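Take a look at this one chain, the form predicted on its own, written out in structure tokens.
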Amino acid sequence: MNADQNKLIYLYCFTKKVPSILNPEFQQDLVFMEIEGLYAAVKYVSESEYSEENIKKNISDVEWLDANVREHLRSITIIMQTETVIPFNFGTIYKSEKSLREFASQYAYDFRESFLYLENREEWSVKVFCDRKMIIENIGTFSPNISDIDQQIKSSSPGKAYILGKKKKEIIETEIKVVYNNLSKKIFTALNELCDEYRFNIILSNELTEKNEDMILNVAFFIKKENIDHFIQCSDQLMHEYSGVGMIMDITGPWPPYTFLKISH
């Protein structure tokens, strides 16, 4: 497919060679442009959709944004099935082949160094959630303080029992934080033994996760491919071990290795 002068170049990722992608439907819009011995996975897009002015308008359209971000991620993920990739963010646009080649030539050495680092490793995401209600129901098993207060409440006058009840609520909130902290540390430590690198991500609110359970850990791991099966097995064991406290682990991957790219451009 030849570049049309009225079209822009949309960049997905760089690879070391053209991947053996079997799906013709996927390949029809995709072009692998050789630059400095590397390959840029690109497609040609219209200015009416992807010019700087128009893409700003389109991003405000939730349906357009969702569909195109998914397509971006899907394309990179398919390429990842056979090749190591240096992924680029959604909406990375070049006005001409010349400008893309100049950019790639400038960073060719960094790209090659990155490929050495990224090769045979995968990025996986681990999000851990806890059921607050289940922990409260079993809080006595976690906290001797709660058990002591329960005994005191039973043997106290109504007035003192009321005060102790309020104190119990405060202690429960403190103990929940301790439980969350201990669980997240144990899970992270166990999984991290199988990984080369990690990055902690922001703990998201229930409103953002759209879950009833509280998020207690959000971390990306960079793992050698040879350790992936062990990583999954360890995750399964942890889920079984802590199922009694309503723990849920959301493990997804492999993802394009955005988190562990060492190129800052």
Partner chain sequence: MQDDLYDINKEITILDVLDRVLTKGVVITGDIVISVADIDLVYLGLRLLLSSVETMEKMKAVN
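Being a predicted model, the structure only gives us computed values, none of them experimental. Residue numbers count along the first chain shown, from 1.
There is also a form predicted together with the partner chain; it is not shown, and the following applies to it.
Trainee: Identify, from the list 174, 138, 182, 89, the residue with a heavy atom within 4.5 Å of the partner chain in the predicted bound form.
Mentor: None of the others qualify; the residue that does is 89.
Trainee: Answer for residue 252 alone: is it within 4.5 Å of the partner chain in the predicted bound form, judged on heavy atom distances?
Mentor: Although the partner chain is absent here, residue 252 would touch it in the predicted bound form, with heavy atoms inside 4.5 Å.
Trainee: Using a 4.5 angstroms cut-off on non-hydrogen atoms, would residue 198 count as touching the partner chain in the predicted bound form?
Mentor: No.
Trainee: Even though the partner isn't displayed, in the predicted bound form is residue 121 close enough to the partner chain, meaning a heavy atom within 4.5 Å?
Mentor: Taking the distances in the predicted bound form, the answer for residue 121 is no, it never comes within 4.5 Å of the partner chain.
Trainee: Would you please decide whether residue 186 lies within 4.5 angstroms of the partner chain in the predicted bound form, comparing each non-hydrogen atom pair?
Mentor: No, no contact at 4.5 Å.
Trainee: Within 4.5 angstroms, counting heavy atoms, which one of the listed stretches 174-182, 130-138, 80-88, 188-196 is next to the partner chain in the predicted bound form?
Mentor: Selected range: 80-88.
Trainee: Taking heavy atoms and a 4.5 Å limit, what residues of 69-84 are near the partner chain in the predicted bound form?
Mentor: Contacts from 69-84: 69, 70, 72, 73, 74, 77.
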